[in-house]
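Shown here is one chain on its own, the form predicted alone, set out as structure tokens.
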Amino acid sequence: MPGSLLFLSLLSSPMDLSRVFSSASYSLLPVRSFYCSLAFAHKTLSTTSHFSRGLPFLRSSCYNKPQQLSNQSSERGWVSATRQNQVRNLAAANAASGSSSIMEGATKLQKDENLRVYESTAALTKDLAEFVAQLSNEAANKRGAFSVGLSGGSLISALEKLGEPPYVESIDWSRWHVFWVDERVVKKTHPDSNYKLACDGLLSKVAVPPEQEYAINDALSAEGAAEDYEAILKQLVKQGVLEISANGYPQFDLLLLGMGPDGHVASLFPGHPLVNEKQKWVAHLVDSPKPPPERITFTFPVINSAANILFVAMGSGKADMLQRVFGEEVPHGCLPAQEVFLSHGKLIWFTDKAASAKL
């Protein structure tokens, strides 16, 4: 049983919750993250009547205002009612369709445009490489440059086929401009560096010009590195390397993202204040719940302004969270991966059978 549920199940009455919230020790907890845990637990235990009565603030702010959540989403520029409807209709669309899967290698079960399930890692990585190569060629032919943002984690290993024939020869790597959607504020040679991970796993095998790999300045503080990175993006917008979206944020041709086991995306973690950031293009944090604590990250308005986003989720460890992402919309900030939404462009999840087993 998750820790938050175990804790809440031990509370015998609403008064127990009152004592928790009024105790001095509560101030030591990360309040927003605790709120998200309570919200999830409240939904799970909502059949217990006295428990529901004991959490009126959760009952009103999380689960009785779906329309208000959608309206707020429109104002923020992410997580729209359209996304919610797409998710809820996914199973019905799959059941009604009798056509074959969109791309070779995808299973017949998932035919929705936003979700692809593959029988094997080999099939997934092959189609992922094909899709990236196609986007690269289209952008290079259209405007002479291809801007791509990378995350860390297992995503890089999923891109391994790009460094192999036929893609290593057929892609015009001189057109690539490589960015990091998030980065740990460590030296570039540090094992925790997303730059090092990408270099070792992909960039050392292809011919992207080094001056077109935009790593952070690892001599700066987290705040300084974020400000410097945003300044670089703005300069590249002026130079035409990056396009600007209709809402005034840089528009990357492609962002390649993974999802953490807690549902975080980039370095936007559940319950963290940065999920609400709307002014900055690049933000910093010094209190990441996952080490190392100091990081920089693209903000949601930048992520959701991309022309294309490809998520990669593989392995049974992602099954529970993927089920939540494609399930009912949760309170804002509690499940960042669910708040990635493109009003224009393509958003596709590449998953294997293990990760999608609970969908």
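Computed from a predicted model, the values in this text were never measured in an experiment. Numbers follow the displayed sequence, beginning with 1.
The next section is about a form of this same protein that is not shown, the form predicted together with a small molecule.
Mapping the unseen interface onto this chain, Asn194 counts among the residues with a heavy atom inside 4.5 Å of the small molecule in the predicted complex. A residue is said to contact a partner when one of its heavy atoms sits within 4.5 Å of a partner heavy atom; Arg116 fails this definition for the small molecule in the predicted complex, lying far away. Proximity of Gly152 to the small molecule in the predicted complex falls within the 4.5 Å heavy atom cutoff. Although the partner is absent from this view, His264 contacts the small molecule in the predicted complex, with a non-hydrogen atom inside 4.5 angstroms.
When contacts are defined as a non-hydrogen atom within 4.5 Å, all of Arg184, Met259 and Lys318 contact the small molecule in the predicted complex. Stretch 144-152 is the contacting one of 233-241, 162-170, 144-152, 278-286, since its residues have non-hydrogen atoms within 4.5 Å of the small molecule in the predicted complex.
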